[in-house]
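Coming up is one lone chain in structure tokens, specifically the form predicted on its own.
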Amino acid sequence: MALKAGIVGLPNVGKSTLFNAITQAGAESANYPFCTIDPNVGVVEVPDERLDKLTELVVPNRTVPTAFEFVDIAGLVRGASKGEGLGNKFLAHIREVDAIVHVVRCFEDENITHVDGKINPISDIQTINLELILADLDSVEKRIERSRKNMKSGNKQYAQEVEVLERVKEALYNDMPARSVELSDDEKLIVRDLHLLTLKPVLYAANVSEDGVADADSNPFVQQVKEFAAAENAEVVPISAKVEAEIAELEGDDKAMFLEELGLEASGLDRLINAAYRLLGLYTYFTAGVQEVRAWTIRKGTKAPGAAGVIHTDFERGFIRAEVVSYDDLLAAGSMNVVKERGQLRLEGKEYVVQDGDIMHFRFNV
């Protein structure tokens, strides 16, 4: 499944620098507003130690990791919801992503201009949040007006729409995102059709200086972002775009040594992807054979036929059963033959909910 995270933020907070570093896609980056006009898309491999271990165990002809798309979206300024700057482009592009990675500048550098002339991460966050809220408010008010007119037909569906949308409208008027409103599954279907920007889950990337990456948690700007994010149950990943650019040029032992010198266990990319997976409720399952060992991305709660459908729609349509073994069981056994001897290979049907790390083989008939 193709998943996209949109990298957003005010101009000159480090969005394109970060994008270049984590995708090595060469998106233009310069020290002036609106450098990014059309969104650049970069596909990154999702690092997973389990995939490496399976490759060592199976020794396949090829190994295919799962992937994640990062979209670098144009910088936004006040008034974007009314078309200021590149507002219309920004809002259109952000509607197409699954989650938002909000890059916030958490470093001082007189050589890099700030659109507001000062470093204030909370003000930066609120500027973007307000523009998204205003855009959503416009969409909600238009739908409420239309639903009220349709209520005259006597269809109770429209009365329910108005009730739900009024609650969302109230939250937006109070500068709260639509995702802050508690909704039932049925109510979520009503709101989903509006494709509201503030319904999208948000992950804050606190961009720190190269010198401050090791002790980012003590950075007062990062602390401010964390306090703000905690109020909306969002996660913050401190990251240095400059450091990531250096890491992107290294491989293997050189990369490990560099991270160790910085006092980091994982690169910012690894931490960002893991946080995005948690944010979107994603799992990884594997298929493993001599021809190919491959990782597949699914949403938490996906049943076996749905997981099969990620490979090919025919697999889901003609699903019969799945042969399943957990990653831990296979790793402990050392081979599939031992797994079978131990009785750890299970046959699961259509109602089986796939678990993170499952290794699966699908039986189907079309």
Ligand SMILES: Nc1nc2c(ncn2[C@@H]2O[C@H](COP(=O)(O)OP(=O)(O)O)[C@@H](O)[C@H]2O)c(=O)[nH]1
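Position 1 is the first residue in the sequence shown; the rest follow in order. Quick caveat, the model's predicted, so the values are computed rather than measured.
Another form exists, predicted in complex with the ligand; not displayed. Remarks below refer to it.
With the ligand left out here, work out from 220 to 228, 157 to 165, 264 to 272, 239 to 247 which stretch has heavy atoms within 4.5 Å of it in the predicted complex.
Careful reading of the contacts points to 239 to 247.
If you check 210, 215, 260, 175 against the ligand in the predicted complex, which one has a heavy atom within 4.5 Å?
Filtering the options by heavy-atom distance leaves 210.
Hey, in the predicted complex, is residue 109 touching the ligand, heavy atoms inside 4.5 Å?
Although the ligand is absent here, residue 109 would touch it in the predicted complex, with heavy atoms inside 4.5 Å.
Give a yes or no for residue 344: in the predicted complex, does one of its heavy atoms lie within 4.5 Å of a heavy atom belonging to the ligand?
Judged by the heavy-atom cut-off of 4.5 Å, residue 344 is well away from the ligand in the predicted complex.
Does any part of residue 17 reach within 4.5 Å of the ligand in the predicted complex? Heavy atoms only, please.
Yes, contact at 4.5 Å.
Is the gap between residue 22 and the ligand in the predicted complex 4.5 Å or less for some heavy atom pair?
No, residue 22 stays farther than 4.5 Å from the ligand in the predicted complex.
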